[in-house]
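Just the one chain here, laid out as structure tokens, in the form predicted on its own.
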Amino acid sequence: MPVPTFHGVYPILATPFDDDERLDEASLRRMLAFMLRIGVDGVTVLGVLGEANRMSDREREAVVRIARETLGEAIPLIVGVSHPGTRATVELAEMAARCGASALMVAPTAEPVPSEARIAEYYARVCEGVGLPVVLQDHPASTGVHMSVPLLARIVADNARVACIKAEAVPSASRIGALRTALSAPGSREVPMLTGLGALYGQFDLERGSSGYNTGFAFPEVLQAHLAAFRSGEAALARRIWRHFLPLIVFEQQPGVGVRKEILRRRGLLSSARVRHPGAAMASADAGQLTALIDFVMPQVDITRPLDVAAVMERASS
């Protein structure tokens, strides 16, 4: 399987369902093909906003198999395998590996009595039981688990399988800076860190040491352009790109996955914006606001096609 470098843009994909909440294989394949077309560095399935916690193990397996079959050997596939039980996490990881995963994304689970030692033990057992690189997801908003910088550095140092940190604890930029310092200390080990949170703090995170994006923003071409400008030293251009699309980033980052799924539907990638119950779709009253926002940010642009970010910005400014 292709091995991820954890540098670049790794979109997290929404899981498509039809209007009866059944897995929509055709939409999943269409979305994966689009990611190949625009040249992302890899993709992630079954993340927090991939609604994995509302899916059966059989459905999870189907998503991983379809993803690898569609991607072939072209790009790495990261699979979320988080579960409240350690053994169940390892078993999900084994399934993902059998089905063609390149790496695993693992988040901790809140316990009645918080314990950093228990979190460290959880990652140690998971890393001992798997044979793929692990992305350590630090997203307290969804997990309810707040991991200190020393704890994260300890987990990285003690577990060679941990190959990346998905840095989503806020304030993310200062956390990334603190982690950079901690991971470069004697006895520790440096690993890449990827930005999540819908790219909401992307510019700030890159400035403090993020190696790219691992998030589900519905226009990954924007993140590719932003990262390319930043990497090439075009600081002013990077800031302009991020600033131009920031209203859309903010709007999409509302709680839940409903807005993102609706945008993906409008892009022609999903047949339905259905969110599995008890999750909620975007309110119909918000549809006009979304339309106006897209028209403002990308006037007269066909969003069903890959975006030419420079052309979009030029059109908007004319």
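The first residue of the shown sequence is 1; numbering continues from there. Keep in mind that this is a model prediction, so the values were computed, not measured.
The form predicted in complex with another copy of the chain is left out here; the points below concern that form.
When contacts are judged by a 4.5 Å heavy atom cut-off, residue 20 counts as touching another copy of the chain in the model of the complex. The closest heavy atom approach of residue 293 to another copy of the chain in the model of the complex falls within 4.5 Å.
Residue contact with another copy of the chain in the model of the complex: residue 171 places a heavy atom within 4.5 Å of it. Another copy of the chain in the model of the complex comes within 4.5 Å of a heavy atom belonging to residue 53. Just one of 247, 129, 100, 150 comes within 4.5 Å of another copy of the chain in the model of the complex, counting any heavy atom, and that one is 247. The contact residue chosen from 180, 189, 118, 231 relative to another copy of the chain in the model of the complex is 118, the criterion being a non-hydrogen atom within 4.5 angstroms. Proximity to another copy of the chain in the model of the complex, taken as heavy atoms within 4.5 Å, picks out 276-284 from the listed stretches 61-69, 260-268, 38-46, 276-284. Of the residues in 251-269, those that come within 4.5 Å of another copy of the chain in the model of the complex through at least one heavy atom are, in sequence order, 251, 253, 254, 255.
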